[in-house]
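Next comes just one chain, in C-alpha cells: the form predicted alone.
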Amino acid sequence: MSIVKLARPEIQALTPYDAAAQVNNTVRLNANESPLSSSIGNFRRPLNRYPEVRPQRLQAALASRFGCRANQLLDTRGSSEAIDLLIRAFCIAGVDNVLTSSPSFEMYRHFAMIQNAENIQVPTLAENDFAVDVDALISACTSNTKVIFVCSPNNPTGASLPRTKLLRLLDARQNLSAVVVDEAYIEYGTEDSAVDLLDQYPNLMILRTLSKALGFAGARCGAVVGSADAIEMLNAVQAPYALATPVVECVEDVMQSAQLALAEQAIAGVIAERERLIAVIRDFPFVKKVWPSEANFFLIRVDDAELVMQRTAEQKVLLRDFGCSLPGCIRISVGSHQDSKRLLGALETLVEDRL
C-alpha cells in the first residue's frame, strides 16, 4: 500500500502551488518580480528573480549524495522542516499521534504539539546504554499512530538502531504508520543508511541534513527521502521557493567532489577526537558515566552538573545540560582540538578544587 493513503484526506487531495514558469533566456514578466538586480553578493542567479520552486540541480546532487533517486527526495530547510511537513501531512489534529523513544530530539514533540497531535514517548534505559526497545515501540502504537520517529544515531544519547531492529519495526507497522529514520548524525556512526530499504518498504521515510557532517548548519539545508508518491505529496505541502538562492548556490558548490573529500577528512577527525575525549573525560573523578556514541557528541553523567556547567561557562565553554530529562547528564559536542583543550582545562579546575 502507498504510504500516501495514511495521510490526511485533505493532504491527499492537495496539489502543488502553480508557480510562474521559469525559462532561461526569456523576458520574465509573469512573476511580479522587480527589474532591479541587487549588486549585493556574487551569485550566479540574480536575486531579483525567484529561485526555482524546487531546485533541480540541487535535488540531483543531494540524491547522489544520499544514494536515492531524485524523485525520492525533497529539499527542505534543514531536517527540522521535514519533521514539520511529515507531522502536518499525516496527523489529524486532536486525533492522531506521533510515537518516539525517550530521550530523543525535542523537535519531534515540538512539532507534534503545534499540530495538536499526541506524542507517545517510550523510555529507553541508561543502564542499557539507551538502546531502543523495538518491541516496546510496537506495543505502544495505537490505531491512530501515524508517524514513528527513530533518531539513529540518537540525540542526545549517541546510540544507533541496528538494522535488524529497524526491519522488525518496518514489518510490524507496514500499512499502519510512517516510520521516519532521522539520520542527521549517520556519517559519524557504523550503521549504514536505510536508504537501500526504500523500494522494499513504502512506509519508510528518511531524514538527512547538511548541518552536521558537511558543516552547513547556517545554510539550513536538508532533505526528506521516501517513496516517489510520498515525496510528491510532501512537495504539495511545502511552501514554494523554500530554499533561497544563496543557499541553493552554496550547497551546489559544496556538493563538488573536492569539498566532499574535505568533509570526509573532517568526519574522520571528529570521530578520532570524540574517542580521545571520551577516554580522557571518563577518568575525571567527578564523572560517573560516559556513554558510547556514534555521533559528533557524547553524553556524560557527573556528580554535580550545575557546578560543571558553571565552571565550563566561566572558561567560555558552553555545554548542554540535560538535567530536566536526564538528571546529572550533560551532552558534549566534539569540536576542534583547540576546543577540546579549552574544555579539558575547564574540567581540570574541578579536580584541583578537590585536592
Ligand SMILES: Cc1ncc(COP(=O)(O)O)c(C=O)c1O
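Heads up: residue numbers just count along the shown sequence, starting at 1. Since the model is a prediction, treat every value here as computed from it, not as a measurement.
This protein has a second form, the form predicted together with this ligand, left out of what is shown; the following refers to that one.
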Original post:
So which stretch, 166 to 174, 266 to 274, 179 to 187, 123 to 131, is the one near this ligand in the predicted complex (non-hydrogen atoms, 4.5 Å)?
Top reply: 179 to 187
Original post:
Within 4.5 Å of this ligand in the predicted complex, do Y108, N155 and T209 each have at least one heavy atom?
Top reply: yes
Subject >> One residue of Q238, T100, S79, N203 in contact with this ligand, assessed in the predicted complex (non-hydrogen atom, 4.5 angstroms) >> reply: S79
**OP:** Answer with one of C91, L214, A230, C151: the residue that has a non-hydrogen atom within 4.5 Å of this ligand in the predicted complex.
**Re:** C151
